[in-house]
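Quick heads-up: the structure tokens below are two forms of one chain, split into structure 1 and structure 2.
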Structure 1
Amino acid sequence: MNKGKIFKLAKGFRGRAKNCIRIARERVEKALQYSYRDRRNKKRDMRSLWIQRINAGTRLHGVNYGNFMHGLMKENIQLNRKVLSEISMHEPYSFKSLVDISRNTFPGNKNVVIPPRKVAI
């Protein structure tokens, strides 16, 4: 690609990498390689984020993520983690009903520790 496109992609780079073609070209190539790699990583990262959010949401109700998902799979509820994390954020009562369904299906292990509610002094 020609210099104009390189500089267009090099906007916001640090120092000479946005102004001088020799340095900009290297940095832009690196940036494009990273974006190629990270388009694949983004899917992994997002799934991990969703799982963390679902975990947080279910632990409010005394169930951990593993048991929750196991209960859902047993009930043949095929909501994916993306949607479950959104529901846990924005539709708390729907999420609670899902947690109840899962808990009834799979009571799970008895070792889940609900952290004691912190009382302001």
Structure 2
Amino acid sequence: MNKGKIFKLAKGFRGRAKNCIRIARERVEKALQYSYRDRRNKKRDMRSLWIQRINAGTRLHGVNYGNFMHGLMKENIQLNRKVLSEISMHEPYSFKSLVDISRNTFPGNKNVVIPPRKVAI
């Protein structure tokens, strides 16, 4: 990379990392490595968040995440985790129908007892 491109990428850095070419080059290279790595980590983190949301929604209806997803797979309902998490948050009645379909399809879901809710005193 030439000087101009490095200084353009180093804009906003602190200290000599924004105006000294040797330090700027090192900082820009490291910043590009971080951005490459974190683009992959972002996908991982989002998938984890979607799974947590789906699990919270299914446990309200007495089913755990693994059994819910297995029931959907058996029923050939092909909704991805992002869509399922949005449905669980914004459309609880539609999500309950999906949980019921999964529960009826997979026998591991039927004997689950819904835990009683704690009442605030």
Partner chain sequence: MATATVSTLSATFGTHCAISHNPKSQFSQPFNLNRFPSPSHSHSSNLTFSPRLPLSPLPKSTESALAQTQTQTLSPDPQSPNWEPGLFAVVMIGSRQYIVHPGRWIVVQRLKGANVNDKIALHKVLLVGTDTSCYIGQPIVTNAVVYATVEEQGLDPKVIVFKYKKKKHYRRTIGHRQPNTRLRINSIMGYENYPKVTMDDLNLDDTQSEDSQS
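These numbers come from a predicted model, not from an experiment. Residue positions are counted from 1 along structure 1's sequence. Heads up, when I say rigid core I mean the largest set of C-alphas that superpose within 1.5 Å between the two forms.
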Do you think the form predicted alone is shown as structure 1, or as structure 2? 2
Considering the turn of one rigid part against another between structures 1 and 2, what in Asn76, Arg22, Arg37, His90 is at the hinge? Arg37
In whole degrees, what is the angle of rotation of the smaller rigid part relative to the larger one between structures 1 and 2? 19
What's the distance in angstrom the Cα of Leu32 travels between structures 1 and 2, core superposed? 2.8
